[in-house]
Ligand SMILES: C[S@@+](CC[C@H](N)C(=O)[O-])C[C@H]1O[C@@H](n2cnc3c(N)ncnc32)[C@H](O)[C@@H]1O
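Let's start with one chain on its own, the form predicted alone, as structure tokens.
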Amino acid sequence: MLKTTLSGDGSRTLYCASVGEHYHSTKDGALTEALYKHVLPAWQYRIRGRKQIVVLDICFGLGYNTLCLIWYLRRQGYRGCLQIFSPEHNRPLLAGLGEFPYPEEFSELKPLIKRLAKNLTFSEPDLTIEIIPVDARIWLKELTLSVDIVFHDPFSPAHNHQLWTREYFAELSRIGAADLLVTTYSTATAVRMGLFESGFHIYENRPAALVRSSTLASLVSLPLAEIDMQLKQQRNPAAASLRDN
């Protein structure tokens, strides 16, 4: 059962009773979370100045990350080619997106949203979106694209363990470009250890005074203070990544 909830910034999200979680932080707000924890880091560290970008949005959910990215890039006058791929196995959720009460910022995207809800795809000369209605782990094994950015936004490890393990993050590293950037709301040590053990540099994303911190992970160094995960492990030998088994 899904229930619409007003989040902290005035945008709406959903509560999933079967999982026991909201799709977004009700404190930070759905739109704010998408913008500050995913879109702005992606723009600053990967997209700006590039003519072609491939984004993997895990999981699509209500589509805030994808829609916020498109909205923001249009505001910035971005003229490059953007491809977005997003696994999401909840078909009833996707079918209802055309009627969801999105914030005013997305009003210009209503035709796009309705086409996505109906067809799971959208295409124009410089923008391609494809929602893949299957399990993310299964789909990733068959993916041959080189991905530049991953918006990693599934339910928490407590309810979606398989999308937070070291083996999963190793799969992201495999399909990623040489400078793959992963953005995620989680700051859990176990999550950061899994990313670190899969070859990523780990950084704290402190977006704004009223927004909680999140994590950036990159296969190449960023111009930020890197978190010393080896030191963390030395200080806390019990610190460990999540595993498939």
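All residue numbers refer to positions in the sequence shown, first residue = 1. The shown structure was predicted, so the numbers you read here are calculated from the model rather than taken from an experiment.
Omitted here: the form predicted in complex with the named molecule. The next part is about that form.
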property	result
Heavy atom contact within 4.5 Å of the named molecule in the predicted bound form, the stretch among 122-130, 107-115, 152-160, 171-179	152-160
One residue of Gly61, Pro41, Gly29, Gly194 in contact with the named molecule, assessed in the predicted bound form (non-hydrogen atom, 4.5 angstroms)	Gly61
Heavy atom within 4.5 Å of the named molecule in the predicted bound form - residue from Leu145, Cys81, Ala95, Val134	Val134
Residue contact check: His89 to the named molecule in the predicted bound form, 4.5 Å heavy atom	yes
